[in-house]
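One chain comes next, on its own, written as structure tokens: the form predicted alone.
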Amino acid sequence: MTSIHRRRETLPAMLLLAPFLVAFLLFFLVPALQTFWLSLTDSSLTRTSAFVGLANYATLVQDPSFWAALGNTFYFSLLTVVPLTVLGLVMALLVDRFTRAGAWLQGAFFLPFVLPISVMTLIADWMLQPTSGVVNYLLGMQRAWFADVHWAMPMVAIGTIWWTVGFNMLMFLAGLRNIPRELYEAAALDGARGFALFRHITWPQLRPVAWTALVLQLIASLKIFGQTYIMTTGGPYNTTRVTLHYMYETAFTQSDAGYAAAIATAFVIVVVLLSLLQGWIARRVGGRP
């Protein structure tokens, strides 16, 4: 009877999981395996050539353009991951604090996130125009931000933060509203006020949300492509050419599909390793299970 009962419980679960498993198999696992196989060949976009083993990976290790693009990707992640998480938390606290204007603040903070990337880049380009841009007008200068080797990537990062911070704000806001009010009432009876409430109640309750936001932002930042491709096309002097941009150029401009597949495979390994490292740090520092 126990076995029959377990089958009756397992069958609906398997039926519910089946569409996801089929989609995962067809649209992720099979293409990933094909990409890895392609990386072991000397193929172009229009022909499949002979098996070359790990030759593409040996070339990749000695390719300065790949390491430069990977460094630019890490630089962009450094400029965006922590600021996006901290700003999302601050915005959520503001929305939760100002209850009367909370709906307006929430809409204003989240509105940029619904914009398509083409609109976001147009707004950023307009604001950063050397002669007619709002930023240069306020600062009293005529700097070509996207043509400056020192400022191009930070400007792309600032535009990305403005565009995507609304998603983190919603995550933290959901976490804030799941904190039991009884905790604050009990702390208030004990005389806790202001920052003490945040330190001893709010932050410990939000810590899992913060780690989740950090992991999601790290993965999203490492996958950057559209912002730099549209706003700077990788310039000036390739200072904003990131890894996916380099892979795209290798595949579709140089028609070297085998080497581009090797770049993609190596980059996936880097992203997975960094995500695992971040999860390990979260467990060691944050006490996550």
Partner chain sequence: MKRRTLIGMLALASMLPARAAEVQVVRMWTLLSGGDGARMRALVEEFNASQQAVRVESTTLKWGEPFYTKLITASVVGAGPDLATIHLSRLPNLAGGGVLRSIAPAELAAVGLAGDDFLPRQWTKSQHAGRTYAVPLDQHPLVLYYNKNLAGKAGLLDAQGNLKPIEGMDALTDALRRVKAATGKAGLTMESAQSSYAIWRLWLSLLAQQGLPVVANGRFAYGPAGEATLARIAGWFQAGYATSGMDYPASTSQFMGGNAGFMINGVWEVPELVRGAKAGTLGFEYGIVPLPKLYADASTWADSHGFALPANGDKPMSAAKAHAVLSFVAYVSRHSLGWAEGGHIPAYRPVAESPEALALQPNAQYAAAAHSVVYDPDGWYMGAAGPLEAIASKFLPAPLAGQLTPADALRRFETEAARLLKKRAPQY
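Positions refer to the first chain, counted from 1. What you see is a predicted model, and the numbers here were worked out from it, not measured in a lab.
Below, we refer to the form predicted in complex with the partner chain, which is not included among the displayed structures.
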Is it the case that residue 35, even though its partner is missing from this view, gets within 4.5 Å of the partner chain in the model of the complex, heavy atoms only? no
4.5 angstroms heavy atom contact with the partner chain in the model of the complex for residue 28: no
Using a 4.5 angstroms cut-off on non-hydrogen atoms, would residue 232 count as touching the partner chain in the model of the complex? yes
Touches the partner chain in the model of the complex: residue 238 (any heavy atom, 4.5 Å): yes
For a quick test of understanding: in the model of the complex, does each of 211, 275 and 278 have a heavy atom within 4.5 Å of the partner chain? no
Any residue of 238 to 261 that, in the model of the complex, places a heavy atom within 4.5 Å of the partner chain: 238, 241, 246, 248, 249, 250, 252, 253, 254, 255, 256, 259
